[in-house]
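Let's start with one chain on its own, the form predicted on its own, as structure tokens.
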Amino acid sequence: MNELVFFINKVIISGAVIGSIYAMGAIGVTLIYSILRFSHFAHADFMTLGAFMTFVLTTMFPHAGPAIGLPTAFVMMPVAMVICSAVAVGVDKTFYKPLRMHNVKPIVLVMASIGVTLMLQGLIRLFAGTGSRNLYIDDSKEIFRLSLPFDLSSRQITITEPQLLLFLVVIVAVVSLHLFLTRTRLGKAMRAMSDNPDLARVSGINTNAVVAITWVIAACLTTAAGTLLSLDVALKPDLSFLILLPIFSATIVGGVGHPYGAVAGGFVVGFTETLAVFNWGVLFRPLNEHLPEWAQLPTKLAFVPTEYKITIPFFILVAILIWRPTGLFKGKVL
């Protein structure tokens, strides 16, 4: 059973963690595409920006978390969401809205988002440096270890506090977004604008408010993803740049413009990555006792070396697009 516990720790839990991060990033990308009709390449940098906002707030109020039994960074995260939302709306009004007013083609907006990416990365490195940071200032990360019943395994299932918080936040975010899009007036306005922007405008829908709330939702999700990922590993200036491509892959795999597809795509990409780099030699090790010497399985048996992990999202992307060109959920509008 030790091999099974190893599989749970390295594939089930790790895949769910990275899938949750991809899903929250992909939801923001697909919402922006649905409303504004362009691929926002600066999206991942808002994830880093939000995490650094949380870090600054955590250093200012290091005792806020232990007082209520939660990590301080998690307590400060809602404040960072508000700040990051204001920055996102400001970036839209400064860089993207003037271009939209001139009816430029989507490729121009995409190029502008790449410019915003470079600008944000430069600003983050200018003020925060290039080193790694720990979001635990005056507290420490809790690690929970669960033993299997009846002493079936000497290994323990291991899960950290940030991982549990991440799963909780993803569930709350997906349910809240579903209720917002289907039950509220503003959510229905977003769906109408996603379906036909011109018709929504002549119908009296406040399109400026819809655009603003889109940026707010995207910024809140990226801040949560960046903060919880940094809590679990470490905060680095290139934290989210490395997962930009998997996030876009998850968006396309799920179906561009479909938020539920973005969630599915995130978990498909996340679990496929972990399965591809998992050492299957550990799981199949007990079989060696029953195999002849010439047929012994190697101790290290993975589909892809860890250093080539970045190729997995592209493989999934190509495979899904050949099988289903519109993505898993036939994405187009909300």
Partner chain sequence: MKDHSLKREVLLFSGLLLLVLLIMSVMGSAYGIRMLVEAACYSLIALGLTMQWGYAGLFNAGILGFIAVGGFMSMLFSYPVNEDFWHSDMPAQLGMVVLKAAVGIAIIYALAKSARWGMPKRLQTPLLVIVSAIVYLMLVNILDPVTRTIESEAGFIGGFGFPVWTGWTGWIVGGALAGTIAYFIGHICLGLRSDYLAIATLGIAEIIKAFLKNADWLTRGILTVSPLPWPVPEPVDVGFVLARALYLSVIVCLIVVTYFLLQRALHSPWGRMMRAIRDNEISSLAMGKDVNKRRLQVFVLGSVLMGIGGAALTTFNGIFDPSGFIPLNHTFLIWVMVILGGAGNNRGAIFGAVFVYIIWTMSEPVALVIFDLVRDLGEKWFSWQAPADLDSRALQARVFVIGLIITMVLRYAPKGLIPEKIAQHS
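Bear in mind the structure is a predicted one, so any value in this text is a computation, not a measurement. Numbering follows the first chain given and starts at 1. Rigid core: the largest C-alpha set superposing within 1.5 Å between the two forms.
Keep in mind that the form predicted together with its partner chain is not shown, yet the notes after this line are about it.
Of the candidates A112, A192, I159, I83, A112 is the one whose heavy atoms come within 4.5 Å of its partner chain in the predicted bound form; the others do not. Here is the short version: of I143, L146, L242, V233, the single residue with a heavy atom within 4.5 Å of its partner chain in the predicted bound form is L242. Only one segment in the set 218-226, 127-135, 70-78, 182-190 has residues whose heavy atoms sit within 4.5 Å of its partner chain in the predicted bound form; it is 127-135. Contact annotation for the candidate site: P98, V256 and T311 all lie close to its partner chain in the predicted bound form (heavy atom within 4.5 Å).
Contact annotation: F303 falls within 4.5 Å of its partner chain in the predicted bound form, judged by heavy atom distances. Among heavy atoms of V11, none comes within 4.5 Å of its partner chain in the predicted bound form.
Contact annotation: V263 falls outside 4.5 Å of its partner chain in the predicted bound form, judged by heavy atom distances. Contact between S39 and its partner chain in the predicted bound form is found at the 4.5 Å heavy atom cutoff. I13: CA moves less than 2 Å between this form and the one not shown after rigid-core fitting. With the core held fixed, the Cα of I310 is displaced between this form and the one not shown by less than 2 Å. In the predicted bound form, the CA atoms of D232 and S240 sit farther apart than in the displayed form, by at least 3 angstroms. In contrast to the form presented, in the predicted bound form the C-alpha positions of L165 and S240 spread farther apart by 3 Å or more.
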